[in-house]
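This document opens with one chain alone, in structure tokens, the form predicted on its own.
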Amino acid sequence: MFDDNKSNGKIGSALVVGGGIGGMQAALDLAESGIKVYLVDNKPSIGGVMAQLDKTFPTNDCAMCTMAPRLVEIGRHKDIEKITLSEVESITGQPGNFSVRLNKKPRYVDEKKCTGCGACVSNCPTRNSVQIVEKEKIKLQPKYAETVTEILKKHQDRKGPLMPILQEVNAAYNYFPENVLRYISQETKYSLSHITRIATFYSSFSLKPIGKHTINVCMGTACYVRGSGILLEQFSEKLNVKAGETTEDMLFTLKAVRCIGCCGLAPVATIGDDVYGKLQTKKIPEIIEKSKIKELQYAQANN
């Protein structure tokens, strides 16, 4: 910042580097004090990343509600000059009397004549040329091909088929193999990122193999105060896995969940559709053995 004092060689101007919310407010405060301000930012426009926020602390106002008045004031203020697409290369001199060298990138349009119509973008002969890259078609491994193809065929004429497709694939394999998700994206035209967001959002879905039976130990408040932490430790010890891991025989996956909705039966654990309320640690070996027997009987019946 400079004092408007000709006798000591100082001039009344200041440089603000960075056009985020802090830089904008600093520029306004300086300009309101009668100081010429140069507001420099390396982006095409000022504003920073604040516009990406939905709410701001502590008022919960939207970001644009906070930024818009400042943007308008800066645009109208006679003592603020915006220098965008520019970076500071060097500073010489001393406090109160210094020079700044900027590297200003080309904008390719006359800023004084620009109205923001966007015609330059749509008519640009080189920067907006479309390049089509042929992607290699995804092929399913034989162990997935028949089931996944049948599921996709079943839902091909349905509107918004993605969720039922994912539910049936998950029921078939108990997780989502990466190649299967890529194939679903290819056949349904949903982007892989969209499919992955859904696959990672729901706790019933998994991107890695999980056991045939998922043991959910409730760690909600009611269950926790009644000893569910000890239950989780006992399950972990008996199965020789930690929470979130799967046994080597792929039979059990142990999970700690926040609430099962059976607070009156606390502490609670579930194995598949079976609910075990008011569970005691001494019952855990019996429950695990019971599940193993049921799985063995099921396997024998289907052989």
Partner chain sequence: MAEKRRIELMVCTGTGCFAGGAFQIIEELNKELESFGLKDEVSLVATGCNGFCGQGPLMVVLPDNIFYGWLEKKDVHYLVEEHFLKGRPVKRLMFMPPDEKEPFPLLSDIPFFKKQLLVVLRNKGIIDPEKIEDYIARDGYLAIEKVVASMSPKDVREEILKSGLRGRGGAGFLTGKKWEIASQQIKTPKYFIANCDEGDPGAYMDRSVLESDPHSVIEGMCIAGYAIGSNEGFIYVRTEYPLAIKRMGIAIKQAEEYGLLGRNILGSDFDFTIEIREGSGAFVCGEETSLIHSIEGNIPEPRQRPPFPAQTGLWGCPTVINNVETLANVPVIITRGADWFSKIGTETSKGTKIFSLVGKINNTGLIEVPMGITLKEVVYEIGGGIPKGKKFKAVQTGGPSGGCIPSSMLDSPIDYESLQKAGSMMGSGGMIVMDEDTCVVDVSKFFIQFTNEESCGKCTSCRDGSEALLEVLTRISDGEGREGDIDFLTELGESIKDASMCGLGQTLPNPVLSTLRYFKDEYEAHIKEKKCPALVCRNLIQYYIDPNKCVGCLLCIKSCPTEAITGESKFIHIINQENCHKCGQCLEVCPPKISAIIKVTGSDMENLVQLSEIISCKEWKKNHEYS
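Positions refer to the first chain, counted from 1. No experiment lies behind these values; they were computed from the predicted model shown.
Only in words, not in the display: the form predicted in complex with the partner chain, which the text now covers.
- Within 4.5 Å of the partner chain in the predicted complex, a heavy atom is found for all three of R197, I230 and Q280.
- Only one of 199 to 207, 79 to 87, 109 to 117, 144 to 152 lies within 4.5 Å of the partner chain in the predicted complex by heavy atoms, and it is 199 to 207.
- Using a 4.5 angstroms threshold between heavy atoms, V72 stays clear of the partner chain in the predicted complex.
- In the predicted complex, the partner chain sits within 4.5 Å of a heavy atom belonging to R226.
- Taking the partner from the other structure, the partner chain in the predicted complex has no heavy atom within 4.5 Å of any heavy atom of G211.
- Although the partner is absent here, C62 is not a contact residue: none of its heavy atoms lies within 4.5 angstroms of the partner chain in the predicted complex.
- Put simply, of L265, A51, A243, M250 only one has a heavy atom within 4.5 Å of the partner chain in the predicted complex, and it is L265.
- Here is the short version: of L162, I138, A172, L102, the single residue with a heavy atom within 4.5 Å of the partner chain in the predicted complex is L162.
- Contact annotation for 239 to 260: residues with any non-hydrogen atom within 4.5 angstroms of the partner chain in the predicted complex are R258, C259, I260, listed in sequence order.
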